[in-house]
Ligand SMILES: NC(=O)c1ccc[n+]([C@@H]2O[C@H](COP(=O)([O-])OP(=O)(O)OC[C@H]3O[C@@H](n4cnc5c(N)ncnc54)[C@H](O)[C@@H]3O)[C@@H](O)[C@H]2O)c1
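Next up: just one chain, as structure tokens, the form predicted on its own.
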Amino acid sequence: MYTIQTLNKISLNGLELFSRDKYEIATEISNPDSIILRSFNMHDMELPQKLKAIARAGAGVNNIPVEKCTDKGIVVFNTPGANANAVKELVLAALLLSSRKISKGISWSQSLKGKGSEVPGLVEKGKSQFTGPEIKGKRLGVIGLGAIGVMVANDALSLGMDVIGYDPFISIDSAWELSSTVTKASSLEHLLSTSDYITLHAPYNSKTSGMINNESLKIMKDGVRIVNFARGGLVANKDLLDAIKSGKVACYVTDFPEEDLLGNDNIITIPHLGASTPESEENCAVMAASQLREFLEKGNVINSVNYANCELPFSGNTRIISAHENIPNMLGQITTILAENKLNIADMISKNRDKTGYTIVDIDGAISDEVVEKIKGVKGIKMVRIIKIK
């Protein structure tokens, strides 16, 4: 039986994928085989000795010590695309919020409480202070064309916007989904200099940290409106505030409030609501649970952030799974050990990703503890698991 610890409330539609005869699920399990979570911060948490996998019901994994997990051979999963529609809808709302001064108008109209019969007249007299442009016919620059970016681009076209996209690493799947009428930016500078609105959907890493800064802001049109529902760290707040003060940026809408962004009339802060829909939470939970079950029961890796996708249909009687460093002759050393112990290989697959590798080998017959220990002793091996094939 596998044990799963939940560190956040997880949708029952996801948890119900784990059959009760094979899984024990609880928040108080102290040494689980796997963990499923949403936003719980694991960085100060001691990783359980038996831990084999962590499934994040969401896309970002900043709350998980991925490097530490990789060093221990723990596979970390996320759920890219499961909350894409929820985020997309809020991004579209943010485009309108950035233009039409809707939030300011709502706050002002609420302040008229108590004015009685004067309210209609005050509304007609005061509404001119909340005028703003329509988004139809304006150019939207989409930086990052993953699941969310593609949906935003396609739906913005339906709203009458001229859309330009930039993503040097666009996947084949995303390219198939993206409308052919989205203009391809020749460079990031091309997108920044020609867009009336810019929405960020890039991953956060050392290369993208603070990508919206003094240099990139200088390239943009005066009065540009920027929407950020990807990661707060993509924007250098001090440079943004200077650009708002000068009028370079007309409005900034972000789903990641920070102290220095609050109290500014030209910044709209939303309390990280991008994926906060019941549909999104359910989709993420189901996807995370499905991936975790596939890994625990079959050893297959789907949507891991630290190991390559690696799947193999069952054959033979026993499955040997290993997570290891991506170094020469790793697979050769494993197969040599099996051959020396007269174990016939029925099928196998090995995939590498950056510095990590993941190998699945199916053999005819059973494998002894002694042979397993020999495989574990190979330099660079981080984890070895054995799954009996029925």
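All residue numbers are counted from 1 along the displayed sequence. What you are looking at is a predicted structure, and each value in this text was computed from that prediction instead of being measured.
The discussion below concerns the form predicted together with the ligand, not included here.
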If we test each of 298, 184, 115, 272 for a heavy atom within 4.5 Å of the ligand in the predicted complex, the one that passes is 272
Of 223, 203, 233, 257, which one comes within 4.5 Å of the ligand in the predicted complex, counting heavy atoms only? 203
Partner contact check in the predicted complex: of 301 to 309, 167 to 175, 243 to 251, 213 to 221, the stretch with a heavy atom within 4.5 Å of the ligand is 167 to 175
Residue-level contact is defined here as any heavy atom of the residue lying within 4.5 Å of the ligand in the predicted complex; does residue 144 satisfy this criterion? yes
Does any part of residue 148 reach within 4.5 Å of the ligand in the predicted complex? Heavy atoms only, please. yes
Please check if residue 83 has a heavy atom lying within 4.5 Å of any heavy atom of the ligand in the predicted complex. yes
Residue 87 near the ligand in the predicted complex, any heavy atom under 4.5 Å? yes
Can you tell me which bits of 27 to 61 touch the ligand in the predicted complex, meaning any heavy atom within 4.5 Å? none
